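Read the single chain below, which is given as structure tokens and is the form predicted on its own.
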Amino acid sequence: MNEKSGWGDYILYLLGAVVIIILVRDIYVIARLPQEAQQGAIFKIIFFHVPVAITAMIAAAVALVASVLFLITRNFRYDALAVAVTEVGLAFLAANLITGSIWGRIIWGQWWAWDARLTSALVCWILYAAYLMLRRAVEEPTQRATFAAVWSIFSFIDVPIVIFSIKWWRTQHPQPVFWGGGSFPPDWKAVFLWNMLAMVLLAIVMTVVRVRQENAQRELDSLRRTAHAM
């Protein structure tokens, strides 16, 4: 392990420790917050439901940029970033759908409603899951990365639909707190922002780990192809 790699590991471990500390602190603070007047304790799920959704949308944007850069440069580092951040974003979007379903079961009396926000979010998850399936279906590295990049760019079309669906159509989903006319008490807003930070940092740590794994796997595959060609 060279010095640069060593420092990278230390920074990654430190960042991971910071994420754990912030998350533990946030869970403790959220547990002690008073219940919301109309929704009760289930309202507290918003401190996780919204941050994971925003983080998933950020991940989709990063995947879009990385995919475009790969098509321009043919540099596989961008392909590694695209697949890594897509996997992480998919996990966060799944967490968003699950927490939303739990909230809906308590407030609406049902696990799911086929309104614009929920449906577009589910379609978004399916599109990015298909991205990963496409990568497994194509063996040749350059062709695989090219097809995946094009699919990633196509999939991003649904991201603005997810974000603005509750503005464009009448939906059962509540309007957003910060840009839909609602408001948070100042102390609740601070808790929300701290957990938003924790989710973004967690996504960064997970993405860096996956990028390293992807690069290592690509090097291993290259060695295997060279060995078979000999």
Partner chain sequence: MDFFRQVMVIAAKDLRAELRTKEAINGSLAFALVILLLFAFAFDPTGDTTREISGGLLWIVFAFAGTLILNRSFARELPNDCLDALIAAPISGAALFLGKAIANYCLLLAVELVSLPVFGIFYNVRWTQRFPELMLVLLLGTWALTVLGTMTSALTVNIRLREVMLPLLTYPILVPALMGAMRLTMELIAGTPINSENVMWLKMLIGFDVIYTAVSLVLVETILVG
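Residue numbers count along the first chain shown, from 1. Because the structure is predicted, anything quoted here is derived from the model rather than measured.
The next section is about a form of this same protein that is not shown, the form predicted together with its partner chain.
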Practice task
Look up in the predicted bound form whether A203 has a non-hydrogen atom within 4.5 angstroms of its partner chain, and give yes or no.
Solution key: no
Exercise for the section: Decide whether F147 counts as a contact residue for its partner chain in the predicted bound form under a heavy atom distance cut-off of 4.5 Å. Expected result: yes
Practice task
May I ask you to state whether W114 is within 4.5 Å of its partner chain in the predicted bound form, using heavy atom distances?
Solution key: no
Practice task
Classify F154 as contacting or not contacting its partner chain in the predicted bound form by the rule of any non-hydrogen atom within 4.5 angstroms, answering yes or no.
Solution key: yes
Practice task
Report the stretch among 22-30, 157-165, 54-62, 191-199 that approaches its partner chain in the predicted bound form to within 4.5 Å, counting heavy atoms only.
Solution key: 157-165
Completion exercise
Applying a 4.5 angstroms cut-off on non-hydrogen atoms, the residues of 104-126 near its partner chain in the predicted bound form are V123, I126
Practice task
Kindly indicate if, in the predicted bound form, the C-alpha atoms of V123 and I163 are closer or farther apart than in the structure shown, bearing in mind the change is 3 Å or more.
Solution key: closer
